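In the block that follows, a single chain appears as structure tokens, in the form predicted alone.
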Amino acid sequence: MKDRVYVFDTTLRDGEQTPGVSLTVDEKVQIARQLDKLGVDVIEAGFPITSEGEYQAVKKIAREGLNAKICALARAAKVDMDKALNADVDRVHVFIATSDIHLKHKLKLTREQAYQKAIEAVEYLKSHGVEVEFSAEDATRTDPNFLKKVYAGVVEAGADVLDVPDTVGVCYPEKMKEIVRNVKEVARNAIISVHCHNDFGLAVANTIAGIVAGARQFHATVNGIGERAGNASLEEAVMALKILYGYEMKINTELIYETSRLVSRLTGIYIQPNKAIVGDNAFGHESGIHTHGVIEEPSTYEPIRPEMVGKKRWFTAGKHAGMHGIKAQLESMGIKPTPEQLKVIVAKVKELGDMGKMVTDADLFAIANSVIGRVKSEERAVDLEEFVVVTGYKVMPTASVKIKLGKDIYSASQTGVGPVDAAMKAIQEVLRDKVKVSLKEYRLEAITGGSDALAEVTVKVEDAEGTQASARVAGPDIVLASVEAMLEGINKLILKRKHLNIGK
């Protein structure tokens, strides 16, 4: 098929060259099996000459009976190629540098010497009956005429795939297209491939440019891991080529996220939250405008369905959140607030967001429960007008409250062993002649970790006749949440007394 594109995954080779990453044989086999499930066409299992463990890993993967072709990397040196051949792979990816900077400073070879080594390497590998992929290392900094000569020579020698590596990530899309078109002139029946690094953040863009120009294979790594700034990200390249350009690939996109998580876990390389396709925030919505649109029709703010890559959309509460998003979050928790309650919940969420706090699902759940459990505004007998607390080292904790009871305002001050104790006593004092209330139970819980954790305060209050009521309030300020919980409990108690005809 003209538009069939082959995916060459090098997570186990170039990806493992990420600083700090070192996979065991079993871990490499586990990733290889997952890549095979994902549907990649070629798995570059490793660089066998580097160590005995690497050789054994490549050999073990080659014997797994996977659907993907198993490839090993080798320099254009007999010792490397023999090691790769002994690993029983389907393909050997052989390379030699062709740029003048590499020839002069690294290989100490002339162009002609490098050319001859390239030809001899391909001929040697083909004589052993394997597929051969040839890379002109640092191709994008190689003289275009010499590069064309090298590729023409290796095609004549029998190379099956011609790979164009942007070894140090200095290419840009227009140049990549030009290079691929030049290589295409000498490629004959060989497949052209591209291998792009991300030093300027252009790896995926250059990969796409290469495919558009006529390449039919690209190298990539899961999560874009690799040396320095990494390689082209497999998930980004696959989805862009599939969705935006309409190319056909064998990839089961629904396994992309699963594969990403596995590679992240085994390599220890954390995925940035805003990473395209697989980042935690890739399908997360906070903005009220966005959440409203997504709830009505997901395509309003999602270019692809999250299920396509094995993810789910989610909504988060914060200062940008709106009614629709928070309502959807609450309904997913089994909470269905009234319109008036929803307004209060949203206001409290925005208040926390303005304070720089991230509102977790647990926070939202606590806020919603405390709001839904409140006495309706028209039934409230007691409301807080003002509240001040003073505390500190060698300072007696003192609280002053001003409370509205009916149409009248009352105030009182009290001291206590701490700011919460002082506040509770001040409230009891101010209502002493109206509703004699005692605090029977007080419980404080931090919803999430950290010093800015949302506090959930639960109280149980009792009047002189033994009538009890409980209330729960969540808020970022422990003392204020305690005061609000106490007043909520008193309101419930007064309402309960009214229904029981107590005091009438």
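In this text, residue numbers run from 1 along the sequence as written. All figures in this text were calculated on a predicted structure; none of them were measured in a lab.
Same protein, other form: the form predicted together with a small molecule, not shown, and the subject of what follows.
When contacts are judged by a 4.5 Å heavy atom cut-off, S233 does not count as touching the small molecule in the predicted complex. When contacts are judged by a 4.5 Å heavy atom cut-off, L73 counts as touching the small molecule in the predicted complex.
Taking non-hydrogen atoms only, Y257 never approaches the small molecule to within 4.5 angstroms in the predicted complex. Among heavy atoms of D80, none comes within 4.5 Å of the small molecule in the predicted complex. With the partner omitted here, the stretch from 80-88, 270-278, 160-168, 335-343 that lies within 4.5 Å of the small molecule by heavy atoms in the predicted complex is 160-168.
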